[in-house]
Structures are given as C-alpha cells and as structure tokens.
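This document opens with one chain alone, in structure tokens, the form predicted alone.
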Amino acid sequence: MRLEEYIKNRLADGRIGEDVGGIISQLADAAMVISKTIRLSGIEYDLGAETGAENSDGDEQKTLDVLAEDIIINHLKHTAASHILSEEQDDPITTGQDGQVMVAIDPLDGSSNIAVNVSVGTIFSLMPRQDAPIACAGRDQLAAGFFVYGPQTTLILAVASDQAPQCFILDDRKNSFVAVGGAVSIPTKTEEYAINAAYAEHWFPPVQEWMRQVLAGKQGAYGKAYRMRWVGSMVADAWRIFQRGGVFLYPGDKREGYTDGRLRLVYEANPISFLIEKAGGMATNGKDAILDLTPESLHQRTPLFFGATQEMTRLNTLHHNK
C-alpha cells in the first residue's frame, strides 16, 4: 500500500476530510524535497552552518532549518490549512485559506546533527482550527506524524480514527511512500532506554532513582539488565522505539532554563505522544499524560517520557511519590 492509497481509503470511508488528506499529501511532497536537499545540496554549501538568526526560543538557526521551513510552507499554501504554526516563528503564519485545519510543524528536528551525518526529521501535527490560532490539547489532534531523513526516508503517520500508526518508506524510484509492516505496537515491557546521561547530576530525584534501579540491573528493584541507546536526534530515537520498543526520556533538570524541560509541547511532544498512545505506549511529563495538557503558549516546553508502559508507570509513580 502506498501513502496515496492510505489517504484515499480514509477519504472513501469518511475517516478524514479532503482538507486533512490534502495536507498530508503536501507534507509528503515537501518531505521528498527536503530529503533530496539534504542528500544533494550538502556538497554545495554547509547545511549545518548557523545563519546568524535565532528561532522563537533563541536557538541558533541552521541553514537547513530555514530551507526546510520554506519548503513546507510553500507546499502547505496549496492546501486548506488556515494557519501554519512553526517552531521557527514567533507567531502563526496566516495562509489566507479559509480551511478548518491548522498545522504545527517542527521543520527540522535534530538540526544540530546535520554536520555529522546523523538522522534528522520533520514533525507535524494537524489540529482543528480555533477561534484564535492557538494550539489545542494533544488529544484533540486530527492527525500527526514525523519523517526521518537517514539511510532511508521514512514516515510514521496516524489520523484520529486510526487504531494504530502506519509506517512508510520513501521509494525514490517512484517518488512515493510505501507502507512497511503492519499495525505498529510498542511492547509493554523493555530493557532498552534512551537518555542523555551526561546530565545525570542535574536530574531531579525521581529520574535519578529510576536510573539507579536501571543501572543496578538484575540486582535492582526492576530485576533485569538494561541497555542504553542514544542517538541524540529525537526522531531517530523515536523511530527505533516504534520499530522494536523501548523508552525515551528527556526530563527537566536543575539547570537554568531546563526546569520545565526543553522539548516543545505543541511541535514535538504532542504529535509524538499521539502516535505513541495509538501504538499502545504511554507518553507523560512525569505526572500527567502529555495529550491531556492544554498548551498555555505556542512555544511551551515540557519534560517528555514515552514508550513502554511498564517503565512509564514506574516513572509516574516516582514523580508522584517524590
């Protein structure tokens, strides 16, 4: 099954509208262009170079951050999206269309990894249009997904009516995304985790205690040996979890500016959590389900833990008992 068929089937049975189907199609087209830009244009100029500009949160923008955003915006202007909410912009972009869908994008997640040839990606969320262009609670998303640009260009996608996400791989020969595997399901238990352990001394006690038990292996309270995997590009780490299970942890910590976490609720945490829950996993900020949070601002940050339910439940318990 190709992505075009996936969309056509959901249009036929009324599970999505033409507006949602058209937006997903254009996002896929944009991803093909971004993928080619990464693969071919890197020899012409430094895609990882900083532009001298900053995004809405003060992070240095890379050349490809800007290129990816421009590509996506230009494609979405041909859809019924009323507003585009971008991690790179202070305010929503008004398209001039009178559609009932807003699109939130992280145009290039993991852009700091470009220079060292590590996988990066595009994350997106489709939301019902609000009276004002503000984000909805994650549980009200219409669809969400992310592309990964690596050895393969991949997509994981789900619409609200799906029981589970579907994975696709780009067939460059036919300029089309092809479905791979069946329904995505994350095992409830795991021995594999992803976290940046370099900041362990700054973590709050619940995460430190969880890690203490993990590192104790079979002698610890969890009674098993764990292994660590950390790419440092969330889309790459997330794709691995959707393929073979595991957990991802990006906690808040005691450093200045990190207390409330660093990942964006609207552009990163909500779409990933939407997919995680549909795959049978859990996504939490340590206490509450990410999808139950109502964004207070477009660029609100949050701690993010997602993956196997057993480890997520342990982390929630530790946070509630702190």
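Note that the structure is a prediction, hence the values are computed from the model and not measured. Note that residue numbering begins at 1 and tracks the sequence as displayed.
Heads up, the form predicted in complex with 6-O-phosphono-alpha-D-fructofuranose (P6P) isn't pictured, but that's what we're talking about next.
Legend entry - Contact flag, Gly110 vs 6-O-phosphono-alpha-D-fructofuranose (P6P) in the predicted bound form, heavy atom cut 4.5 Å: Contact with 6-O-phosphono-alpha-D-fructofuranose (P6P), yes.
Inset, instruction - Examine Gly232 and determine whether its closest non-hydrogen atom to 6-O-phosphono-alpha-D-fructofuranose (P6P) in the predicted bound form is within 4.5 angstroms. - result: Because a heavy atom of Gly232 falls inside 4.5 Å of 6-O-phosphono-alpha-D-fructofuranose (P6P) in the predicted bound form, the answer is yes.
Inset, instruction - Mark Asn196 yes when one of its heavy atoms lies within 4.5 Å of a heavy atom of 6-O-phosphono-alpha-D-fructofuranose (P6P) in the predicted bound form, and no otherwise. - result: Output for Asn196 is yes: heavy atoms within 4.5 Å of 6-O-phosphono-alpha-D-fructofuranose (P6P).
Inset, instruction - Indicate whether 6-O-phosphono-alpha-D-fructofuranose (P6P) has at least one heavy atom within 4.5 Å of a heavy atom of Glu268 in the predicted bound form. - result: Glu268: contacts 6-O-phosphono-alpha-D-fructofuranose (P6P) in the predicted bound form.
Inset, instruction - Would you kindly say which of Leu67, Val33, Leu263, Ala289 lies with a heavy atom within 4.5 Å of 6-O-phosphono-alpha-D-fructofuranose (P6P) in the predicted bound form? - result: Looking at the other structure, the residue within range turns out to be Leu263.
Inset, instruction - Could you work out which of Phe248, Phe168, Trp239, Phe146 is the residue within 4.5 angstroms of 6-O-phosphono-alpha-D-fructofuranose (P6P) in the predicted bound form, going by heavy atoms? - result: Partner contact (heavy atom, 4.5 Å) among the options: Phe248.
Legend entry - Segment assignment from 271-279, 25-33, 255-263, 289-297: heavy atom within 4.5 Å of 6-O-phosphono-alpha-D-fructofuranose (P6P) in the predicted bound form: The contacting stretch is 255-263.
Inset, instruction - At a 4.5 angstroms cut-off on non-hydrogen atoms, which residues of 177-193 are near 6-O-phosphono-alpha-D-fructofuranose (P6P) in the predicted bound form? List them in order. - result: Residues within 4.5 Å: none.
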